[in-house]
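Only one chain is included here, represented as structure tokens and corresponding to the form predicted on its own.
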Amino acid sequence: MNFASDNTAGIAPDILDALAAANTGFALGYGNDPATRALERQFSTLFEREVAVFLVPTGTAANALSLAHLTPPWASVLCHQQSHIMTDECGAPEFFGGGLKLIGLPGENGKLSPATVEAAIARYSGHRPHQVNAAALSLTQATEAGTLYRPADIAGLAEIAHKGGLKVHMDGARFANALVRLNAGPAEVTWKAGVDVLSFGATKGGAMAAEAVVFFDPAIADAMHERRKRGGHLFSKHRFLAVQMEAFLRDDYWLRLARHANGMADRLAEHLRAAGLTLVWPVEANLVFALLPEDLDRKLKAAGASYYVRRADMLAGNAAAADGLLLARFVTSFATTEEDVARFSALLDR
């Protein structure tokens, strides 16, 4: 009954097989191998245009390096105040960005609104050289609340950002979970909607350690090779990142894994509702947030259930907030089984 994170799951079988298959013979290092070259073409096909792709082992590296590439050290990145880059990356974007500033903005359901972004751009523009000006907007898909930006939402925010001279970055650690819920294509929710750079996640979806920074205009990616190397994230045995990602994408494996994770989240949400518990946000990806009485939290954990209790400030402005209740986050994965959900649900019914 492990619902702590999709990071707690192992490696998806096809990806593990691909790693084993790649562990024979020899291949040039640092991305000069055939698997990496093939993967670069695979990404361009996936996104229906020529893209520049840079593999890294962690989502933090993908976010930090891409934002540092878009943002001068004297500028800022606008993001949601609960975004992963703001709360869970130990200052990595600022570190790799040489001092760039993250500016956290409020937003209901984990999302930023056009009005909020427009006001922030107006506030962090001009007055040079005395203040940090906004250079990038970062959106999380799916958000830390498990909610989604629709293509029209992204397009509206990107239009505002581009009008203000900002580039648009998307943190797609759970990009696959968002796509299958939206029933949309990768291009539709990225460059066609105005996204300039995507942190494309695979680790949470079933890889061992594989993420990609995808530039939808290869010209913007100039010198990203050097930035990645200088940042210590260019793998020497690079083929082992490439084969993970290739297996992840092959025959829509990544979408099938995400569809299963989302389905388990839906099933879990149904049981939580049936037990009379309040769900805080819509279940749109593979995250479920519920308000738990403290005695129920103790009982569930004593029985072996694993999940995280989040800080109450995530509930700011949410009508579901209530005293004496804990905000619990449950995350399902490709490895979550119906039996896991059933065992957990039986505890709710006691």
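Just so it is clear, the structure is predicted and the values come from calculations on it, not from any experiment. From 1 onward, residues are counted along the sequence shown.
Although it is not shown, the form predicted together with another copy of the chain is what the next lines describe.
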Contact check for 2, 29 and 207 against another copy of the chain in the predicted bound form, heavy atom at 4.5 Å:
yes
task = Find out whether any non-hydrogen atom of residue 61 is located within 4.5 angstroms of another copy of the chain in the predicted bound form, and reply yes or no.
result = yes
Query - in the predicted bound form, residue 102 touching another copy of the chain (heavy atom, 4.5 Å) - result: yes
Just to confirm, residue 144 within 4.5 Å of another copy of the chain in the predicted bound form by heavy atoms? no
Is the gap between residue 251 and another copy of the chain in the predicted bound form 4.5 Å or less for some heavy atom pair?
-> no
Within 4.5 Å of another copy of the chain in the predicted bound form, heavy atom basis, the matching stretch of 148-156, 275-283, 186-194, 232-240 is 232-240
If we test each of 268, 212, 160, 85 for a heavy atom within 4.5 Å of another copy of the chain in the predicted bound form, the one that passes is 85
Only hit among 114, 73, 106, 165 for heavy atom within 4.5 Å of another copy of the chain in the predicted bound form is 73
In sequence order, the residues of 11-31 that place a heavy atom within 4.5 Å of another copy of the chain in the predicted bound form are 11, 16, 19, 20, 23, 25, 26, 27, 28, 29, 30
